[in-house]
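A lone chain, given as structure tokens: the form predicted on its own.
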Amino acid sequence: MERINRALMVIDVQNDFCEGGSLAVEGGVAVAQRITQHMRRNAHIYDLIVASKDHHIRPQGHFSKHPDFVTTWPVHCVAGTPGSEFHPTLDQSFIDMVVFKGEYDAAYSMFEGKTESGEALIQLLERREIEVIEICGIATDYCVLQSGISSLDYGFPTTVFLDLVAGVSPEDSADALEELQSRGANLDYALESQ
């Protein structure tokens, strides 16, 4: 049977999005730990593990002292600050490539990101001949949702791991997963059956 080229996309598992951060998502640390557990067990099945960072320099209208938590947010993931770094429980040794997004504008989809050399994520995936994408990270109702939609729009069979994501709002996260499934994404568990 022919082997399928598979990528794991690890979305925004950064200090500011985990407990103690400026825009903390409940369950962020636990998700970081479970993603590490998944990579330790399964890194060998992936042809590429790529992680994204929210990487804000001067994002237009994204930050606010009075955020509405829909389009404006507290200051977070400012490039070069500890809050922008990956959470220490995420084992970075498994990550092959990092893409940075949101320098000057809000960016929710990982596909808006570029590598340090300026290569767009879709170009990286095509260069590595990736055929299938599996998604995990933070936050279910924002960057996971938009990254999943982009992945599907590019035609990739896409799986979102329910036990490797955390969302801002339980209700919005449930809606996000329902939308992804309605668009053709597979919802599965990475660790539950192992």
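We number the residues from 1 along the sequence you see. Source: prediction; values computed, not measured.
Not on display, but discussed next: the form predicted in complex with a small molecule.
- With the partner omitted from this view, the residue of M39, A32, A139, I135 that lies near the small molecule in the model of the complex is A139 [heavy atom within 4.5 Å].
- Taken together, F17, H62 and C143 are fully in contact with the small molecule in the model of the complex: each brings a heavy atom within 4.5 Å.
- With a 4.5 Å cutoff on heavy atoms, F100 does not count as touching the small molecule in the model of the complex; it lies far away.
- Interface membership of A24, defined by any non-hydrogen atom within 4.5 Å of the small molecule in the model of the complex, is ruled out.
- Among residues of the shown chain, H76 is one whose heavy atoms approach the small molecule to within 4.5 Å in the model of the complex.
- Contact check for Y108: a non-hydrogen atom falls within 4.5 Å of the small molecule in the model of the complex.
- In summary, the region of this chain contacting the small molecule in the model of the complex, judged by heavy atoms within 4.5 Å and restricted to 39-47, 127-135, 52-60, 150-158, corresponds to 52-60.
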